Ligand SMILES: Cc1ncc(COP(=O)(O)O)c(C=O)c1O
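Here's a solo chain for you in structure tokens, the form predicted alone.
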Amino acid sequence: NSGLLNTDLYITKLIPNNYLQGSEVPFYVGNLDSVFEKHQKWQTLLPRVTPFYAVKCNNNLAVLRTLSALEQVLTVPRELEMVMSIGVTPDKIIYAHTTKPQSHIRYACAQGVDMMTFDNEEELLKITRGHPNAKLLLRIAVDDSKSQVKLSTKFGATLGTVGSLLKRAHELDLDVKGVSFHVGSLCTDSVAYRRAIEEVHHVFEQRIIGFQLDLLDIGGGFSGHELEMVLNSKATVWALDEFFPADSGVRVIAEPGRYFVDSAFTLALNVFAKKKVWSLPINGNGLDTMIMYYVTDGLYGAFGDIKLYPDIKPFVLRPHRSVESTEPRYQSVIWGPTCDSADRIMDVWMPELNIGDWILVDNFGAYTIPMSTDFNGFEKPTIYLVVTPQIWKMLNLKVSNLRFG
């Protein structure tokens, strides 16, 4: 994989340089080739589905520029100015949040962003006051029991309320274009997409007077893991062919985020402190060594939503010597840098590290960068980006105010 090769080479060059310069600042290496490759894969797996990238997942400008050169963009008002500054036009933006502040609705209207979602009558009343010409998607609640992050407890109208909501929208002279749903993040059941699409079909069949529904938004939840993505996309394609075939006149879009950026970013953490403690061994014979390491980012930074990464497998890259497979592994605790005792990243078995060594976390580009804080005065990670000349030329990106390797 050319993308992975570029990332590895860049990291192995950066860490020795940082070590020689005495830098302890954490950093990401983001691979734009990987983002491009994911887009190509999407075209193969879901050719009928137009992706609107979820900016909240990773709002790095280079990522946005890359994706805006390839596809359409999903955003909310605080991000709206950002994406429009790189040339994304209002017709390529959806305000996909069902509960919006009134000021945000007015701002979207002023910027010409017409597409937005709703799931309740009070939201319809706000839209009537702030953006009466909006093009609306009714978000329905679907089964997300097999997803790691569930959303339907907070968002989405139940099927029993759909008729009355559409009737109310018609009374308010609002234009409803279609229906959306979201099966939740990290969905492990590909059948969830089929069930949701079938439920949307029931909504379309109601044929509410006054609306010509012709848009289906299948939401996000698509995994960055290749096997899961293949399974979910196959189930989605089969369901679309059954309930909304190509000749149905229904346009299909989606809101992927994690899928595009998860595997594109690797985080490098510097070990700036360590402490050996004693603990009872598993075999019960004497005391065993446990080593605690303190690194330069933690739960108030990139690991803020650690539940999204249940299978993190960090690995070590030393600036001065390699890690040998024969080295003993020790029970280890990796702590974040802050003074908060809850800032405990993970417990792992690792070879013994020295102060100045680096811990790398691969596949770490989703919901990490935009959720970071500078709590306790620790610096946010620097972001370095790599891209091959071929992809760079193809995307015709602008480099203003960005670092590229």
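Just so it is clear, the structure is predicted and the values come from calculations on it, not from any experiment. The first residue of the shown sequence is 1; numbering continues from there.
Keep in mind that the form predicted together with this ligand is not shown, yet the notes after this line are about it.
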Next item on the list: Would you mind picking the one in Pro256, Gly156, Gly298, Gly178 that has a heavy atom within 4.5 Å of this ligand in the predicted bound form?
Entry: Pro256
Note to self: Within 4.5 Å of this ligand in the predicted bound form - does that hold for a heavy atom of every one of Lys38, Leu231 and Trp238?
What the structure shows: no
Item checked: Proximity to this ligand in the predicted bound form (heavy atom, within 4.5 Å), stretch among 257-265, 130-138, 239-247, 290-298 -> 257-265
Margin query: Given that this ligand is not shown alongside this chain, does Lys56 nevertheless sit within 4.5 Å of it in the predicted bound form, heavy atom to heavy atom?
Written below: yes
Next item on the list: Please run the contact check for Leu80 against this ligand in the predicted bound form: heavy atoms, 4.5 angstroms, yes or no?
Entry: no
Next item on the list: Spell out, yes or no, whether the shortest heavy atom distance between Phe378 and this ligand in the predicted bound form is within 4.5 Å.
Entry: no
Notebook entry, point to check: With a 4.5 Å heavy atom cut-off, would you call Ser185 a contact of this ligand in the predicted bound form?
Noted result: yes
Next item on the list: At a 4.5 angstroms cut-off on non-hydrogen atoms, which residues of 92-111 are near this ligand in the predicted bound form? List them in order.
Entry: Ala96
